[in-house]
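As a starting point, one isolated chain is supplied in structure tokens, in the form predicted alone.
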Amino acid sequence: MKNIISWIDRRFPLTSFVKKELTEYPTPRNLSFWWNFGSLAGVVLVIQIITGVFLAMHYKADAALAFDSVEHIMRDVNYGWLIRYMHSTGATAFFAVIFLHMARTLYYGSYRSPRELMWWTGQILLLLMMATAFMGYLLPWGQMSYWGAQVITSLFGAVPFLGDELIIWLRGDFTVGDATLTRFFALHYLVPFIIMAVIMVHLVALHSVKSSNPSGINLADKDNIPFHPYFTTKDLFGLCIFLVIYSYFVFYQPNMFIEAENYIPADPLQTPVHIVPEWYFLPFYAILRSIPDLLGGVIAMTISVLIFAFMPFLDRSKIPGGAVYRPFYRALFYVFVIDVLVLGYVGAKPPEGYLVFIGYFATALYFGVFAILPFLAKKEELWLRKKGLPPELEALIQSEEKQKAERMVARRKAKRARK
């Protein structure tokens, strides 16, 4: 084995790569289990790709055969039911893990300098995941799949001047049909591999700026501990807990996140009583419905997803540690989480009665949180400085301000030299 590794090292820096990026990678010693969700997301993605490849071997991307091919997988293919349920449950698990990963990042302020690029690559991953999930939702060719795709693709008709052409371009036809199913299947199979590539970029960005410290105080490498064996053990323990929960839903509650309407073949002549997307789209769907104008609703729904990318600019507080040392920000974070849950509940119900007004209020609050964040950050910083910060935080803030001033002076000198 030593000879084999030595032979590889002479041609590819395998040993040094493993030491630098895995075993000896410097990691803050106080990372909690909230930092496990990044590795869990990678595990779930691998499960989705493997099960997806096996499902594609038996699936027929044909409007006349798609529904029956899924039933064939469930009933005739050896362990086809297991592969299908692992894949459908894995989609739910993927979004649950990613949402918790994002929540941890928002709580601890890990999107702030110098981790903006890492945060933005994460937002690109979220958009790719949403696109993949939406296209995969059509593939079972059930009633909810068909009408969900019909409604969502129709939203692009709100785009001025290009709306009708965009709908035809997406569907490949004037209505959701065989052409739509074929292209959605092709893209649903392709995009996960693009996600893998973007994850590589995301990891390069992470290892360039290192994992954030929960306290907000980034220590030197010599003051951290190696990733292995301390955090590999921690990640494996978290993985075991995840697999127990995941296995429970696969074997005992596989239909919990599958709409009953989707076990009825798609019928263009019969509309379901209440069309709803998957649970991970419900908050954004509720925002769409809360705006009376179609174009305004589409714009609001789009902004509700993209607005997270602006967090490094909206949160300009110099107090490190995210919500750890910032009570106002912490309260705002919990309000936002509750508001998203309320929007998810509203999106799952028909828009009638008191739920309409709750949807209006929750939508306004959703965007209001981002609107007041820049002003809250300044007020909170002044309040905390009057109250008195811990000495280590004061030293860190002064050091960061000094470095910022030095960079500004260096830029001015370089500008004068160019002149």
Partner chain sequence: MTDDNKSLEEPLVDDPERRDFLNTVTGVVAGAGVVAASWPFISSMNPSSDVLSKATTEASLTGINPGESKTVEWQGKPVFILRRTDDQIKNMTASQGGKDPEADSDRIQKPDWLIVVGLCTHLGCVPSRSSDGWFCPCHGSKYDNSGRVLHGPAPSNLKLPPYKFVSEDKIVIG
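Residue numbers count along the first chain shown, from 1. Fair warning: this is a prediction, and the values are worked out from it, not measured in the lab.
There is also a form predicted in complex with its partner chain; it is not shown, and the following applies to it.
For Tyr329, no non-hydrogen atom is located within 4.5 Å of its partner chain in the predicted bound form, even though that partner is not displayed. Residue contact with its partner chain in the predicted bound form: Pro268 places a heavy atom within 4.5 Å of it. Proximity of Asp223 to its partner chain in the predicted bound form: non-hydrogen atoms within 4.5 Å are absent; the residue sits far from the partner. Its partner chain is not drawn, but in the predicted bound form it has no heavy atom within 4.5 Å of Phe313. If you check its partner chain in the predicted bound form, you find no heavy atom from any of Tyr85, Arg104 and Leu341 within 4.5 Å.
Gly172 is the sole member of Gly172, Gly163, Gly238, Pro192 with a non-hydrogen atom lying within 4.5 angstroms of its partner chain in the predicted bound form. Proximity to its partner chain in the predicted bound form, taken as a non-hydrogen atom within 4.5 angstroms, holds for one residue of Val305, Ala323, Ile168, Leu100, which is Ile168. Note that among 148-156, 226-234, 255-263, 68-76, the stretch whose heavy atoms approach its partner chain to within 4.5 Å in the predicted bound form is 148-156.
For the partner-free chain shown, Tyr285, Leu288, Arg289, Pro292, Leu294 of 278-297 come within 4.5 angstroms of its partner chain in the predicted bound form, judged by any non-hydrogen atom.
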